[in-house]
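In the block that follows, a single chain appears as structure tokens, in the form predicted on its own.
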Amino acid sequence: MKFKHELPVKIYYGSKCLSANDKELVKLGRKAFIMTGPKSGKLSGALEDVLEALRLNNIEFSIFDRVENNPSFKNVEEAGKIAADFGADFVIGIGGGSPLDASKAAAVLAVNRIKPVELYKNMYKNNPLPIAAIPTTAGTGSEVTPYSILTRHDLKTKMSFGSRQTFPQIAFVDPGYLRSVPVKILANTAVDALSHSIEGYLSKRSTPVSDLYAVESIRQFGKSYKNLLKLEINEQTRNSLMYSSMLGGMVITHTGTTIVHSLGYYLTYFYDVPHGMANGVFLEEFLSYNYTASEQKINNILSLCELKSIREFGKAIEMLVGNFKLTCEDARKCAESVPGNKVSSNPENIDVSGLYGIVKKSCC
């Protein structure tokens, strides 16, 4: 029962939570730098809600709506420079994981004369600009984590950085913003959130408190995924998905992810597989491999999802996100891409041979 628990993000959750609490933005400064993608912020209505809140409170703003899907060093470096030139007091990230993650990088780069690769030192001379995070998808939970995942073309993968300095100061989490999200994307992001909670729940770094978040997050997924399969997306389903995602972010804030995410990064980088699908491909075999070491927890995961076996679980995930095939040669490369810190957090001891077995059974 020895653990550390910290979550410095102030969270407002629920319908119209931004407009009901717009005065919170004034506390962050008088000049806002808004980061979003080309579409999601507008389609969801979140961008207009933010602009209305800023105008009501006489806050100047500049909009950067060119955040890439899987943002690169070049992308966040450009945003950081524009934010600095604008003289931004704070950053507002609007969108899925990519805009929220990119906003953390830009918040650092706007006030520190460093190269993007130096973000991974996780120590900065000047504190990053304050961040307000507004998710419009239900997958990454980035609004409550310090992590920013960027594409590392130099290493041919995706990699995260993050420290206490990169937590958002405030998050406005409104399930209503999911109304514009296509069902296919909802399914992919839901599996990403599920993967966060399952990996954190089974990780050697799990704590009694992170387990509470994980169990509730998985329970919420269990309440919603059947509606996704039937294309019955109502307010209750959107609420369960957004809540599950936020809780999953709270889990990995304290545990990090494990081998599933690292394997998934390989599929995303080399084959442009959506992040949720890339994780989902490996979940069944991940559970099977770790069943002996985590029998009680895995049985609980199945129960929370109202499923009878790991195979039935795998079929449900495949129905949500599909499958993906690799050659045996690429399966080996995928297994070899997993860093040591992810291997060490796996509940069952595992090496490259074990990783290859998971990839081969999942994708070959």
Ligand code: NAP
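Note that the structure is predicted; figures quoted are calculated from it, not measured. Residues carry their position along the shown sequence, with the first being 1.
One more form of this protein, predicted in complex with the named molecule, exists but is not displayed; see below.
Annotation: in the model of the complex, residues R219, S262 and N349 none come within 4.5 Å of the named molecule through any heavy atom. The named molecule is not shown here, and in the model of the complex it never comes within 4.5 Å of any heavy atom of A133.
At the 4.5 Å threshold, heavy atoms of K158 reach the named molecule in the model of the complex. Interface residue remark: N126 is not counted as part of the site for the named molecule in the model of the complex, having no heavy atom within 4.5 Å.
The closest non-hydrogen atom of I185 lies within 4.5 Å of the named molecule in the model of the complex.
The single contact residue among Y266, Y147, Y243, F286, judged by any heavy atom lying within 4.5 Å of the named molecule in the model of the complex, is Y147.
This chain appears without its partner; in the model of the complex, the one residue of S195, T237, S210, S98 with a heavy atom within 4.5 Å of the named molecule is S98. Per the 4.5 Å heavy atom criterion, the named molecule in the model of the complex is contacted by stretch 36-44, the sole one of 36-44, 291-299, 307-315, 334-342. Residues N69, N70, P71 of 51-71 are found to place at least one heavy atom within 4.5 Å of the named molecule in the model of the complex.
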